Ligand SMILES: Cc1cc2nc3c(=O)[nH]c(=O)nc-3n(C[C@H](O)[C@H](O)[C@H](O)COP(=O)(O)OP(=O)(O)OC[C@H]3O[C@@H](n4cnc5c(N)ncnc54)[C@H](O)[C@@H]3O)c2cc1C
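First, one chain by itself: the form predicted alone, in structure tokens.
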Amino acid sequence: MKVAVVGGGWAGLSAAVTAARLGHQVRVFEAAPSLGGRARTVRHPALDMPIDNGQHLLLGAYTATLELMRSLGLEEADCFHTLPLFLRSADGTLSLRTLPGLPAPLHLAAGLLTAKGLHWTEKAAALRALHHLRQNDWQTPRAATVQEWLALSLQPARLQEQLWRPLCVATMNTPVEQACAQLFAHVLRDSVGSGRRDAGHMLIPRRGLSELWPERVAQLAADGTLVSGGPGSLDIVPNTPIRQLHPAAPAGMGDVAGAAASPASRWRLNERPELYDAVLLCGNVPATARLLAGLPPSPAGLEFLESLTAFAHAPIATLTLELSRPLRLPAPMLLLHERRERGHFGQWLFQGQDAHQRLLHIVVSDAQAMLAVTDREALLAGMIEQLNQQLRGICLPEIRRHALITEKRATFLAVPGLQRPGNRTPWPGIWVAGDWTDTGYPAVLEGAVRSGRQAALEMDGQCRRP
């Protein structure tokens, strides 16, 4: 079959690779000049160098992503700094690390018991909460928020601020008062709660996000080596936004108004002449909804579109600082204590991937409050003050240049009761994929990869039915 994939992010590329290897002729349409979607490398004019449009931490539990990368000939050791699970604050007040030599999950329990900066009552409370989750098969009270789960689990207020709140915002980009406890439990189950020690490993990219594997897909597609000896193929078309889908009847019948009602319908994109047997829409919720809204209406279609209106989104911002001289942090990732009333919005500090160690990246999830600050000079001053106060024993060099990158719709708000659709739509031949579909995860990269793969598998299964 001829398959069009709209969107060259992690979901779209996962869908495209899967479909091509299943024997389909696949063409990816990407609006931007480079691949990767919201996890890609861009050349920022303020720094005049390529940087990621946000810092991303992957986990050893991200099996679909790691399997895909291995299938592309990429080795984990070449792509990531792999570290045992640890949490260290920039000011040195908190340090937690899983202990080597112990099987999972005992390595985490021992790490909590030996953590620095937590009282014994806080350590016991955290262990009790995780044990209770495990005993209940990682199920939380129905429709509970993370804040409600923390209260029911009798987690001390200081422990919530030091540990649970930063973990929740980092993994879900949703405040604990709104975040779905069940999705948070899924993340804990597959990482720190797994029986595999390496599931909780932290994978920090050694290279830019586009280089991580999207560019590898483009290279293999251009070389014709992505699919070896099979009928499938993959073609990538950048700088091509898709604004409209047109239903077309089977060959010889011409376009008809009711063509979308027939399972044999085919599709055209924009005003392009090619016909496609299937279209996989792999953008975010607003972009997907705009394309679907232009299709022939039906009761099921209107219901599907109505479900998409329930999604709200939250921004993520990354402030990149270029230093006047190299600076090596005590760890490649440090926790920052957030004090919004003082302009201290930073939550995590990452060491840059540049060989000269002159780049620092400050990440702000749930960044709505930060973006409300209109005085950018005051915003920068507040964040630098935060670093100077919290980087104990480290003198921050002069800042030469800086760049602020904001993804205003970085993720959906992962709230309880949100009905997320599957990959199938009511329109025959149209499928959706993205981290916002029903992956069982919040809006993480692994969810995007899994969704893309599943959409391609379901599409292939449908087309092979008699």
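Note that the structure is a prediction, hence the values are computed from the model and not measured. All residue numbers refer to positions in the sequence shown, first residue = 1.
There is also a form predicted together with this ligand; it is not shown, and the following applies to it.
When you look in the predicted bound form, the only residue of Ile51, Ile430, Leu66, Ala39 with a non-hydrogen atom within 4.5 Å of this ligand is Ala39. With the partner removed from view, the residue among Gln389, Thr114, Ser71, Thr240 that has a non-hydrogen atom within 4.5 Å of this ligand in the predicted bound form turns out to be Thr240. Residue contact with this ligand in the predicted bound form: Thr411 places a heavy atom within 4.5 Å of it. Interface membership of Leu445, defined by any non-hydrogen atom within 4.5 Å of this ligand in the predicted bound form, is confirmed.
Contact check for Arg420: no non-hydrogen atom falls within 4.5 Å of this ligand in the predicted bound form. Contact check for Leu57: a non-hydrogen atom falls within 4.5 Å of this ligand in the predicted bound form.
Exactly one of the stretches 137-145, 96-104, 122-130, 277-285 approaches this ligand in the predicted bound form with heavy atoms within 4.5 Å, and it is 277-285.
Of all the residues from 414-440, those having a non-hydrogen atom no more than 4.5 Å from this ligand in the predicted bound form are Gly434, Asp435.
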